[in-house]
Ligand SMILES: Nc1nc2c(ncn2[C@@H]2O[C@H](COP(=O)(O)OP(=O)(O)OP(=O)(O)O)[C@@H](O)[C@H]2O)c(=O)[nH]1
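One chain comes next, on its own, written out as structure tokens in the form predicted alone.
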């Protein structure tokens, strides 16, 4: 018996975790195993997924699955290969700075079969990101490695704009299918009618890789609940250099709930939701990601947040 392995990629803030949660919500009896990778000392994406469903989530924090966490990926896939009777499919969410096509080689691991590579592309920012001097290569490489590109945030633009971005993506990734139909993509993922099989025969899983040096990440934490008014004030002063910001915060005003903070593409979203099972409801964690060229401005970029959060020291980039 083999289990289909789908790779889910896309640049920071493109909507991967949102799509993943939609897949889980629509699974309806399907047993889904997840490998959730996050670029940073704290795996925020895994926490957001875990809060919504109790599937197996193997956290791979502090780097990129296809770069600095190769050993973690190998160990995780090997572990899951001993439990194939426990789930019907495996979805690997690659970090926003990772190349899912490199990770696709793991779909040839004994016990698994390839189900393709889906890459999310935010219609509001993908074209700008793809031409950015610091991160453009990463964005274009992700698009070219996709079997299917799902256009996200299409509800925020008119149909002409969606069509324009779709045409542009096809020019960047001529071999990929491009779709703006989220429901159809979710359905195809869950019915194994997603994509052509990924060619893995000639590809060996990576054994090492460079650090994702075009990005820098900082993690801030607080052991005690923070003030929600301070969070709101800090959001009004997010530095333009911030590519992605995400966090799970616990505030004094809502001690029995948690506040999920997302900043991407110049837009901020703050949602208060119930605390997941097994969570204490006290510690707050915020991850900030910028282009590596902005590393020298660390104190300036983090200034609005350092008033109530402290740096978390856990290796390079923190």
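Residue numbers count along the first chain shown, from 1. As the structure is a prediction and not an experimental result, all values here were calculated from the model.
Absent from the display: the form predicted in complex with the ligand. The rest refers to it.
Contact annotation: of the candidates 273, 283, 269, 30, the single residue with a non-hydrogen atom within 4.5 angstroms of the ligand in the predicted bound form is 269. With a 4.5 Å cutoff on heavy atoms, residue 215 does not count as touching the ligand in the predicted bound form; it lies far away.
A residue is said to contact a partner when one of its heavy atoms sits within 4.5 Å of a partner heavy atom; residue 304 fails this definition for the ligand in the predicted bound form, lying far away. The closest heavy atom approach of residue 246 to the ligand in the predicted bound form falls within 4.5 Å. When the ligand is considered in the predicted bound form, residue 262 lines it closely, a heavy atom lying within 4.5 Å. Across the options 158-166, 77-85, 92-100, 183-191, residues that bring heavy atoms within 4.5 Å of the ligand in the predicted bound form belong to 92-100. In the predicted bound form, not one residue of 114-136 has a heavy atom within 4.5 Å of the ligand.
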